[in-house]
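Shown here is one chain on its own, the form predicted on its own, set out as structure tokens.
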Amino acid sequence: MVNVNAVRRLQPRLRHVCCKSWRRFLACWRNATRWIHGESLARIVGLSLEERSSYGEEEQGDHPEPSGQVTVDPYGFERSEDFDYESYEELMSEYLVVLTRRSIKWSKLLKGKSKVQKNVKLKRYVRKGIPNEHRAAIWMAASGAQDQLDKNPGYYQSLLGADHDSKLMDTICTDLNRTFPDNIQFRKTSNSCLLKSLYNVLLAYGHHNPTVGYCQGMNFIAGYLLIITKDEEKSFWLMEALLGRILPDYFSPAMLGLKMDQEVLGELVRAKIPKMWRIMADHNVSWTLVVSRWFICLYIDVLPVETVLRIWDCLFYEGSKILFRVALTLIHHNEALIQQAQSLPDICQIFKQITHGPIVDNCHAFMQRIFFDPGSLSTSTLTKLRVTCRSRIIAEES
């Protein structure tokens, strides 16, 4: 039985980690795992602390770490020069308790199995966060990607072995080195460089779905999938689930699905936050102008990494309505700030600001809010709005 109180006793040490050496923090961590019998905290947070330490050492020659601080996060992203280590470690010291508790519950639920049946209990578990140790497996199972992989053995390799479209290859190569320049896993000098795997996944998907081929933004989605799964074939099938079933027409040539959902968000704001809708209308601001990046990147490089992953947990399980819940929560929480806007440029700047700060840094609290603040959001409501908005867009573009 895991003693969660032991983790709480570790919190004071964690809060001061930014002022001490990383190796001393590792020592504290190992002490904590000795207190907690039968579970290892090191695997609960995703990459092991040894891996996190090696990331820091790998880049240390070019980017020395000030005061022993680790300048690379658990997923390989470099932290900015103004990164607030003290606030982050204080936040993480609280979040570790949540991670530990959730990991124990997930382990009991799965009992060593990777396949799951969708039900109310599992939905509740997903909303509270999937531990990194189970994340890839649950994404695969919940999205139907695992079923597709099982039904199509060897299909991914056959796509890579087929004759390739030179135009598709050139287009992918153009974007390859632009993918996460701040992540050391996507650098040619990295020991675990993911660029080749990224190229393979995008090339295979382009041949699998020639109507879409490759579109800017897909590289970031595939990159996130590789960071979590560390597996090309699983990343390919998760992309197929996302772009083929969960978010159809987001990356088609006309991007009709993307345009439609941005208009749907506008209609939801009109119904749920009418003052915000009126401000946007008064300043003649189109929703595409301020939220297109939110939707096309699925909040990658918009919100903090851990928050994005928590959103994706629900995206793979519940579908695209989670994207609307996130957007509505951001707008609702910042209603007073948006009301101060005096012009279109003001609104655009504010919409950039509202994706930063404590509300989104605390991913656990934020995920609780997205299921409370927007209120009811049924699939039938979204379906009706999508039909209306889709017809309107087609009429306007014809």
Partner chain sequence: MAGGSVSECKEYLFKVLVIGELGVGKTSIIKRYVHQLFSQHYRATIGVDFALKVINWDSKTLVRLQLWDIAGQERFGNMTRVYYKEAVGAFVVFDVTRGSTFEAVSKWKHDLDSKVKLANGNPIPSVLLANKCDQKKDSSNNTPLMDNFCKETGFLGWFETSAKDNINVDEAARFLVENILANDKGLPYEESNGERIKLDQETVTAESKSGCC
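Residue numbers count along the first chain shown, from 1. Bear in mind that the values here come from a model prediction, so they are computed numbers and not experimental data.
Omitted from view is the form predicted together with the partner chain, to which the following refers.
Relative to the partner chain in the predicted complex, residues Ala222, Arg278 and Thr307 are all farther than 4.5 Å at every heavy atom. Screening 211-219, 147-155, 133-141, 106-114 for residues having heavy atoms within 4.5 Å of the partner chain in the predicted complex returns a single hit, 211-219. The single contact residue among Leu203, Met255, Leu122, Ile311, judged by any heavy atom lying within 4.5 Å of the partner chain in the predicted complex, is Met255. The single contact residue among Arg270, Arg178, Lys230, Arg245, judged by any heavy atom lying within 4.5 Å of the partner chain in the predicted complex, is Arg178.
Contact between Thr189 and the partner chain in the predicted complex is not found at the 4.5 Å heavy atom cutoff. By the criterion of a heavy atom within 4.5 Å, Phe316 is excluded from the residues contacting the partner chain in the predicted complex. Among heavy atoms of Tyr95, none comes within 4.5 Å of the partner chain in the predicted complex.
Put simply, Phe236 is far from the partner chain in the predicted complex: not one heavy atom of it is within 4.5 Å. Along 284-303, residues Asn284, Ser286, Thr288, Leu289, Ser292, Arg293, Ile296, Cys297, Asp301 each place a heavy atom within 4.5 Å of the partner chain in the predicted complex.
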